[in-house]
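The form predicted alone is given below as one chain in structure tokens.
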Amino acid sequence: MSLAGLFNPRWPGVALFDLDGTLVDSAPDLAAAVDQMLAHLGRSPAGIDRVRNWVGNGASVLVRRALAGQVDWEPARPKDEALFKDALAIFYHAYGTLNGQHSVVYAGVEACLTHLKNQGCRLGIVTNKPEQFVAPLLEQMGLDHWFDLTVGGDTLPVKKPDPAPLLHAMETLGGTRGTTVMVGDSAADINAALAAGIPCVAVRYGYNYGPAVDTLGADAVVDSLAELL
């Protein structure tokens, strides 16, 4: 089924985008920061392929997965919680220093954002990435001028898959459930959209782990955002 024309002058009025794995391939920087953290702790590097599977639920979960060496991690015992806090601080410093130098914008993104803006659509970022890293990455990638609002993983008390960040962004940008779309790459994005009652477009090229993104309930799934134009 062709999805050409799904994004048109009548719809959407508000488009919300995930960041990592949807607009930007930031895994090289995230993996470099994770490996710097692990090296500082005297551990073996994780490597980019493993880190790609760990991204999507925010920095805290990424660090916990890196310490566990796998996607699934057990709640930390008190003595392990101190290690986690140290590891998170090391990761934050390493990632902030990298500042997106190895990250790239995915093909089709600029065309999609240009198309939407030309139609008067209001654009927002809703990511689980800590807020302090969102604006610098958008600026480094040359994407900051497109967006009217950014919501990070710590902007509100909850993050995706909770629907609150999507609803907050939708309402702030003057949208409704009928005029808003969420675009993301993972189960967290799709489940947040489903819980919020907002249509969702998913991309196949991102960082989703587990079941294929096509099976998660998105209204449309694409290989490139350019397919929607």
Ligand SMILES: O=C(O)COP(=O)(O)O
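Owing to the predicted nature of the structure, the values given are computational and were not obtained by experimental measurement. When you see a residue number, it is the position in the sequence shown, counting from 1.
Omitted here: the form predicted together with the named molecule. The next part is about that form.
The binding site of this unliganded chain is open: after the named molecule is superimposed from its pose in the predicted bound form, not a single one of its atoms comes within 2.4 Å of the backbone or a C-beta atom.
Of the listed positions (P45, G58, P28, P163), a single one reaches within 4.5 angstroms of the named molecule by any non-hydrogen atom in the predicted bound form, namely G58.
For the chain shown alone, V213 is not a contact residue for the named molecule in the predicted bound form, no non-hydrogen atom being within 4.5 angstroms. Although the partner is absent from this view, L19 contacts the named molecule in the predicted bound form, with a non-hydrogen atom inside 4.5 angstroms. Stretch-level contact analysis of 140 to 148, 81 to 89, 120 to 128, 100 to 108 against the named molecule in the predicted bound form, using heavy atoms and a 4.5 Å limit, identifies 120 to 128. Taking a 4.5 Å heavy atom cutoff to the named molecule in the predicted bound form, the one contacting residue in 185 to 211 is D185.
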